[in-house]
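Quick setup: one chain, the form predicted on its own, written in structure tokens, and binding and motion questions come after.
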């Protein structure tokens, strides 16, 4: 009789628990159909514990669900007393109530233009929260596992094996498998132009369910795979294998994800992404029920959202909060600021395929025409500095201290004259070696309009003609790839500095392709340096080759860095736990599981 009452009580508590915990019921149903009732109860126990806000999964599952399961099935297992059960249940339900409806809001000017997870650049970045890559970069710049516990590399750097973490589940309840990782990497290589390097270098792949691993074998040494795999969003193969053209595939939500949150809704009309907690997430539980990304086509409107209290933080990939707005935001008294040295930089890209920029002497003279201190002061407002000729910023591993760039227009004119560029017809514009006036085309997007104005003044100041061509983003990609420019203002993102052989090499290597790269350098000496960096993991060899590469930049100037800067991110001081890595700033998984209401 007593046992029957206890069973009834346990069943009632279990139903109450399930009713308060969306996702557990689904887990139980899914696993019951595949593995039987007991397995389903266990899976439901594990999955359900992740929907709580703060308490760990062990406290919930072991103290409540496991005990309920044991008693109801008549299993003779040790169990906690009624006071422990009551306290655990009370704590759990209280935390559910505390986090119910809680939202973390982010304002961004990174506009999502299409509900295509792979086809839209900005959406792909935001989807790191729902579909995390295998690897991630920690706060110090070290590459560590995100969906993997560890990885192994063969002695010749051609075979990479990644061991997935246990207990990873998609938001539809299915377990994350090595097949998902293998499928994703091959899928990107086959279906997306920017990842064609995978098709070109991947010789074979294999999965092992026994040790939960996937192995990729490449046809040549490739030491940067761990970095490359910190960027590709892992996809559920059971969903995406049916999608033939991912670049054009559109879905307004939900997208199945395996992170702490999944992408629930894409509302392009309202300019909003909504991420909800993954009911099957088994890692550290996030404190917010949902995360909202509000995107604005105008940076000023995005900053106004913060000032008005409509957003808790600001994020623009590889960029700082606008420097002119920092003081205004400080005056609200509602925000603190996270400041990090930028791994990327703003630079002047050069068309090395055509004269006069193909002439190293001309590039050398041009470098002295630019007032770097004025640019840093006006553009970065105290958060920037004059860069070195070696291009690479000091935040990079194996940084080499090369000579600072210098503003010296008199020397610029002298060097141009020595190189054979003279104003023979006395019209105020220097002529090239064929006797024609030199008029340089400066190709810029709207983001760099002010920088272009300053550069125009500097360049005209040494006797060169210049025509500024303002274009939109898509036109810039087209004209840049067709080499229809002489100069262009662009930037290196943190990923851009690290991709390919690292240290900015991916922007210049003519063998590379992609929207942001210039692929303008086919010098055998440069290409050999890239190949040496890609073929070794030995720290001493890496440092030596990285230093050689920076020396090459300093001597040959395939691009001219304009200024180094710091990334400033404001955040609502009511929250604590903000975390920034060099690759994606605050937009990383660690931030979204650590940020919570401040206890101060």
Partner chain sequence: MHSAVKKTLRYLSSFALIVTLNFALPRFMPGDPVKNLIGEDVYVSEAVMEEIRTELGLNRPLIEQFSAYLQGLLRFDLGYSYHLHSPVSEVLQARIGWTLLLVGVSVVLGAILGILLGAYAGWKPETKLNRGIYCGFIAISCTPPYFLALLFLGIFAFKLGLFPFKGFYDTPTIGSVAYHLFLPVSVLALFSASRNFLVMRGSVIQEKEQLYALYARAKGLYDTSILFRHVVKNASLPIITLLALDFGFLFSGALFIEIVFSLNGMGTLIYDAIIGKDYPLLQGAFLVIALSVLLANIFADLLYAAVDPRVRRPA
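Predicted model only: the values in this text are computed from it and were never measured. Numbering follows the first chain given and starts at 1.
The following text describes the form predicted together with its partner chain, which does not appear among the structures shown.
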message = Taking any heavy atom pair closer than or equal to 4.5 Å as contact, tell me whether residue 296 reaches its partner chain in the model of the complex.
response = yes
inquiry  = I'd like to check something about residue 271: if you look in the model of the complex, is any of its heavy atoms closer than or equal to 4.5 Å to a heavy atom of its partner chain?
reply    = yes
message = Just checking whether residue 267 would be counted as a contact of its partner chain in the model of the complex - the rule being heavy atoms within 4.5 angstroms.
response = yes
query = With the partner left out of view, is residue 308 within 4.5 angstroms of its partner chain in the model of the complex by any non-hydrogen atom?
reply = yes
ask   = Based on heavy atom distances of at most 4.5 Å to its partner chain in the model of the complex, which listed stretch, 470-478, 357-365, 401-409, 275-283, is the contact stretch?
value = 470-478
message = Check for me whether its partner chain, as it appears in the model of the complex, comes within 4.5 angstroms of all of 196, 304 and 499 - heavy atoms only.
response = yes
Contact assignment for its partner chain in the model of the complex, among 423, 248, 460, 139, heavy atom within 4.5 Å = 248
Among the candidates 160, 372, 187, 495, the residue which, in the model of the complex, approaches its partner chain to within 4.5 Å (heavy atoms) = 495
note = Looking in the model of the complex, the residues of 426-454 with a heavy atom no more than 4.5 Å from its partner chain, listed in order, are 445
